[in-house]
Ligand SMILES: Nc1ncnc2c1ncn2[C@@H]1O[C@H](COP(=O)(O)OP(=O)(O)OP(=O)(O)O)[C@@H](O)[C@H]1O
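The chain below stands alone and is given as structure tokens, in the form predicted on its own.
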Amino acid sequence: MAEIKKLAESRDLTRIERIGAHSHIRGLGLDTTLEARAASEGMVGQLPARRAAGLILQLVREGRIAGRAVLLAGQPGTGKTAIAMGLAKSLGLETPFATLSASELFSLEFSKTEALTQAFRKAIGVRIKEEAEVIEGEVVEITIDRPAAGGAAAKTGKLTLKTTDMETVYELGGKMIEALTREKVQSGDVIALDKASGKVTKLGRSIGRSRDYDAVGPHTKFVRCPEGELQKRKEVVHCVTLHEIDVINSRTQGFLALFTGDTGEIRAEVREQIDTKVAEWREEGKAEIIPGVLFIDEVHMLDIECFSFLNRALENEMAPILVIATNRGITTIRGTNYRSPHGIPADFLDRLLIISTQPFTEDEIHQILGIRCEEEDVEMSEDAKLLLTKIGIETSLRYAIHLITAAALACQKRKGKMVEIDDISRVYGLFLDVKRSTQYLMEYQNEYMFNEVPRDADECETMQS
């Protein structure tokens, strides 16, 4: 019988990413003086808007003034959300950045004001500092008193730890044995052991054991053996948001409610008690407030009740920086019959610092398409990029970006290595933009159901534009 051979295919699945609309944004693209570069960190153009966002960035970092609100206003496709994402990336992971689409408020199980309150609390971080008794050392030996066959689980054992200066043996209980087993601690590991909670953290393998192995895994980390005393006091820092503290203290399952999504409505009394406790921690030096950013997109979808609530919420000293965005002009305020700029009430508009975005120039569209080709891993000839730029000017930047991957698939179908003009022309003919689709509807509207024929030529032009 012939020998059957199996070919094993190994793939690295540690990092699986999807390319999103703003995945190429790495920051605001500012220099050390908060001046915007022409093209940097994925951002192109919009220099005045990015400079203004840089001042907001500095405002957030200083964290001394609460309740400021910023409006990003501009035509569709001018980079409002990109600026907000750049602001989030520039702030870093430790500063809370909560995002919310205005239409979400009308599909949640609890009230609109509760949803906004939770969003505000998600954008306020608390850095809690505490001192803990920690035992750090290299594991010399773990001895577990194993019961006889058929007996109960191991109850006791001994752990031998050492530093560069001393060595000590610790008695182990059942919980400690479970923690060591769960972390897969073995001789040669460097660990940190919290005396109060019994939590075991594996810091890595001792660098003195690095020669014991011919090959190690990609995630193996070698660290030096700790020096000095085995037992020491260390400052432990936890970063959480006010909303997470609210959920933990308002649900019987505690922090598990964060994973189940069972947040529900939180009583005002619980929040008042938490605010009081956090204020005490601040006075004692145990906690520090980290004001963040709340970004609400499509803010014209909010109604008059939400705007009234925001007016009051921004006056709270614990309020974050509010950044909102809209692409609407003068339109009706939702929930009323009144018209206002951007669909926002005049009293709320008066609180806003307004940042305006402008349409991109031809050169900027060309640069953005080049960045998106790199992000989507598409090789495109310069002539094809020029054609795509022209399409972006005549239609929209978003439409031109959507054609990149479609043109790459057309190129792949003809077994080409680089996207050419013919590939762009092919997908341009397959997928209509808004103007061509509207023109088609106008020509064949009588063949559609429930069509409404415009009464005069002016309305035809309005629909086409």
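It should be emphasised that the depicted structure is a prediction, and the values quoted were computed from it without experimental measurement. One-based numbering along the sequence shown.
What follows is about the form predicted together with this ligand, which we do not show.
A.B. asks: If the cut-off is 4.5 angstroms on heavy atoms, which of these, Thr81, Ser308, Thr143, Thr113, is the one near this ligand in the model of the complex?
C.D. replies: Going through each option in turn, the one that passes is Thr81.
A.B. asks: Find the only residue in Ile321, Ile344, Ala384, Ile368 having a heavy atom within 4.5 Å of this ligand in the model of the complex.
C.D. replies: Filtering the options by heavy-atom distance leaves Ile368.
A.B. asks: Is there a heavy atom of Leu403 no more than 4.5 Å from a heavy atom of this ligand in the model of the complex?
C.D. replies: No.
A.B. asks: So, in the model of the complex, is Glu298 in contact with this ligand at a 4.5 angstroms heavy atom limit?
C.D. replies: It does: once this ligand is placed as it appears in the model of the complex, Glu298 has a heavy atom within 4.5 Å of it.
A.B. asks: Indicate whether Asn327 is a 4.5 Å heavy atom neighbour of this ligand in the model of the complex.
C.D. replies: Answer yes; at least one heavy atom of Asn327 falls within 4.5 Å of this ligand in the model of the complex.
A.B. asks: Quick check on Leu397: any heavy atom within 4.5 Å of this ligand in the model of the complex?
C.D. replies: Close contact exists here: in the model of the complex, Leu397 approaches this ligand to within 4.5 Å, heavy atoms only.
A.B. asks: Using a 4.5 Å heavy atom cut-off, which of 59-67, 41-49, 408-416, 434-442 contacts this ligand in the model of the complex?
C.D. replies: Only one stretch passes the 4.5 Å heavy-atom test: 41-49.
A.B. asks: Taking this ligand in the model of the complex, which residues along 331-367 bring a heavy atom to within 4.5 Å of it?
C.D. replies: Stretch hits: a single one, Phe360.
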